[in-house]
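Next up is one chain by itself, shown in structure tokens, the form predicted alone.
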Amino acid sequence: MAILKILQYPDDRLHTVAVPVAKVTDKTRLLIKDMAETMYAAPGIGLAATQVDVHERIIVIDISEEHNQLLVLINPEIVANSGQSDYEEGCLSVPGIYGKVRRAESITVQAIDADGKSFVLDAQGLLAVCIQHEMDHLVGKVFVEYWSALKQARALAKLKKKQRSIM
């Protein structure tokens, strides 16, 4: 397994639309393991393949405190949603930036697991938010893009300042 490089906003590759996974293979499962290791090391609770410059519809999520409940969603599709809530979100591709985003409060998602089996999952609260956030990455959208132009510019300036101080 390997720790993968996470793309940082505003990298144009974060706006690449991911393609569906045609068949779950050993290569797919290795990518999933590497993504999970990368997410845990970051540390984070979700990671989309787009964020590691692999443009396939794959997401890993683990919102458990113990980091022992890895959820793998391949080719996820939201088939139902209800309610609305505003959650404070962050992103491994936009480190140190947090803000509210309005999303569906509960969702039903259909996906394929790491064994290639189809399943349906009902999610609420943080899990629903995390799935929606990661699915945005698969269509080339980053959470800060829900904000006003002014708030986006402030976030970008803060990121650039942080990057300069690291160098």
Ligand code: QAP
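It should be emphasised that the depicted structure is a prediction, and the values quoted were computed from it without experimental measurement. In this text, residue numbers run from 1 along the sequence as written.
What comes next is about the form predicted together with the ligand, which does not appear here.
Quiz item: Residues in which of 22-30, 36-44, 112-120, 65-73 have heavy atoms within 4.5 Å of the ligand in the predicted bound form?
Solution: The contacting stretch is 36-44.
Quiz item: Though the ligand is not shown, can you say which of A104, V142, C130, V52 has a heavy atom within 4.5 Å of it in the predicted bound form?
Solution: Contact with the ligand in the predicted bound form is made by C130 alone.
Exercise. Spell out, yes or no, whether the shortest heavy atom distance between D136 and the ligand in the predicted bound form is within 4.5 Å.
Key: The answer is no: D136 has no heavy atom within 4.5 Å of the ligand.
Quiz item: in the predicted bound form, does G83 have a heavy atom within 4.5 Å of the ligand?
Solution: No, G83 sits far enough from the ligand in the predicted bound form that none of its heavy atoms falls within 4.5 Å.
Quiz prompt | Within 4.5 Å of the ligand in the predicted bound form: residues from 80-98 (heavy atom criterion) | solution = Heavy-atom contacts to the ligand in the predicted bound form: Y87, E88, E89, G90, C91, L92, V94, P95, G96, I97, Y98.
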